[in-house]
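Same chain, two versions here, written out as structure tokens and called structure 1 and structure 2.
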Structure 1
Amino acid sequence: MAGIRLDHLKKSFGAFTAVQDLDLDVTDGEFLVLLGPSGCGKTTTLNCIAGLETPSAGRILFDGRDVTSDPPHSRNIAMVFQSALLYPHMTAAANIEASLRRSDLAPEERRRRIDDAVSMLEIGDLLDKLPSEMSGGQRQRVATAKAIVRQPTAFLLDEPLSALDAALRMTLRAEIVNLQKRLGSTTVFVTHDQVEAMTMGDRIAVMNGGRLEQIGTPSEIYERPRSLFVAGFVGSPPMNLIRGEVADGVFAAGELRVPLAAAPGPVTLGVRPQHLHVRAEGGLPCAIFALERLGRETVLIVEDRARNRLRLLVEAEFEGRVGDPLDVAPDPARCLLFDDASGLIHAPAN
């Protein structure tokens, strides 16, 4: 096991820079999630850690040892690729064994590791099957077994669940986290799904446009997003972001007024849907635009007179019809303020 450190990592493809000046510390045994929208450089970063791509600049250290120019197999990492890539012409057993082809283990030890992985992932009856004869979830299990037999320094997973249906994804999510905690192995998990990131990661590194936006625990990322991008990207339903201005200790945007002690100037107010409430009167006058009933609660989408949409979380029993007028008001104690340039400038003390 090992800690991984990226030191000013940069990767360009021709004139295009996919990853820019990335500093990242993954501590020993940690489950780190790389989260970001499509094309932000997550896979590129992971490939650099794996040694599949050579960084244009910067260093990669495993436990303080510089591995920047080592080939993948000598880094002793294991990787699970997007949609659980396996060798299509080899059986599950051959695929798993291929992981150990460069190791000099004794045959008994080799056997034991494979047997352990097979029983841990319950894939005993898949061993003679070709990947094309397995379901997506089964392929995923075999790919994971292939990764763990190597007992690697680090596990690198690139959107391994993205090709699966929602129910299976949820099952495997828990299985992967459980396995990681049992093995205690340093893991970097790439995803563009913020729910996956929030539920699985010890820490989340949010990337955007090849840069690291923020790194922190899921609750840090959720409670105190450092930038507008993170605020809008993490959380479901997403945070409401309202552009306005602070003057005399009051945030004003259209008809909305929120008392907030912040420096005057143009800002964006961020408020999570659960901190925006329906008021009898005295709030921002809106009309119901849509109701999304989730069972445990309801997402209420309203539109103010300037046609800006806001999302609220209300109780499941909420009664209302599209077009009904109502007033909404944010909880001033739970509002965040963002500056376009410097990011978060005001957050509730907690």
Structure 2
Amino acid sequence: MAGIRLDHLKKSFGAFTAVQDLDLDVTDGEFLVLLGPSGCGKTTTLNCIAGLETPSAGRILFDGRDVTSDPPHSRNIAMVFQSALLYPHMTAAANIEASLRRSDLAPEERRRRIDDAVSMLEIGDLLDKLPSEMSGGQRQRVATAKAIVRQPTAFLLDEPLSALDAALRMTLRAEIVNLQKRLGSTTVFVTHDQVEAMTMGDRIAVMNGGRLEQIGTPSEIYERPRSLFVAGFVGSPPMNLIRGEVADGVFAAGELRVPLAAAPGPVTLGVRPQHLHVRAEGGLPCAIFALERLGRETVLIVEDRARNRLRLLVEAEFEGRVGDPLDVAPDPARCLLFDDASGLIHAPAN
């Protein structure tokens, strides 16, 4: 395996710049997730690493070796795509073996690698089946086996779970992470699903508009988002973002008042749904707009008199109906403030 470095990477398509001055290090054996909305540049970045796209500027290094101009086959990487790319006329066994067609491995080593991959992914019962005879999850397991047998420098996965149903995505998330840890493989995983990113990555690189917004562990990204974009994108339910102003040690937005030790001026307050609480009185007057009962907990959506909507996490047994009045108040110690002009985190609000 190898470490990967992107050194001031840029990729343009005509007048459109898909990736802008991207500096990024993926350490040997790390599971890094590239997270962001459609069009943010994450797949283009992955394709540059793979050699499927040629950067407009910057360098790509594998263990310090510049591979920017190297063709894909010389980089010894393996890719798994959203749609499992299997030969439709070949069985699973033949598809897996096809990955080693150009290798000069001895027959015994070839057989050992295939057997190991089949055992790891528990697909022995699929070997005689054609892709058309498999489920979506089974095809992805076979596609992953095709990648594993090559023993590549790095694994690159481009939204491999997005076409699967929710239950299967959950199962394969755990399987992919378990497999990556057992192999110790350097892995770059692209997704727009922040739940996938939070549950799978050692670190998450959040991209927006071709730029890197923030990189850190899932906890760092969640607890200390660097910008309004990251704050609003990462988290389910998302962070509540409330525009207002700090004056005399108090954040004010409409009828909401929160005591905060922060510099005066216009800011946006961010508070997670679990840190916004129902109060008997003395908070922000609201009415229940909707309730989303999730079994273990309930997402309570409320609307204030200015028709701003906020989300709270409450106990599953919460009693309430649409239109019921209530007051809500954030925990000041768990609030964050973001600068309105730059969109960057302004100061801890405690």
Partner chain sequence: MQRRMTLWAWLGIAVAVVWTLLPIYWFLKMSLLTPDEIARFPPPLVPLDPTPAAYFNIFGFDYQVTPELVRRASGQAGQIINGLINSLIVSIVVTAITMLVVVPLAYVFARLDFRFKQALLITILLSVALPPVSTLIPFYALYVQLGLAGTLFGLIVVTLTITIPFVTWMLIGYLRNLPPVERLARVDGYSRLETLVFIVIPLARSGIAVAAVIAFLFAWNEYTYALVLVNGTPANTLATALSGFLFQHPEPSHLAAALVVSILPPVLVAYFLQRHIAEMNLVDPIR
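Being a predicted model, the structure only gives us computed values, none of them experimental. Each residue is numbered by where it sits in the sequence of structure 1, with counting from 1. Whichever C-alpha set is largest while still superposing within 1.5 Å between the two forms counts as the rigid core.
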Pick one: is 1 or 2 the form predicted together with its partner chain?
1
Core-aligned, is the CA shift for Leu183 between structure 1 and structure 2 2 angstroms or more?
no
My question is whether Ala252 is one of the residues whose C-alpha shifts by 2 Å or more between structure 1 and structure 2, given a fit on the rigid core.
no
Threshold 2 Å Cα movement between structure 1 and structure 2 at Ala262, rigid core reference:
no
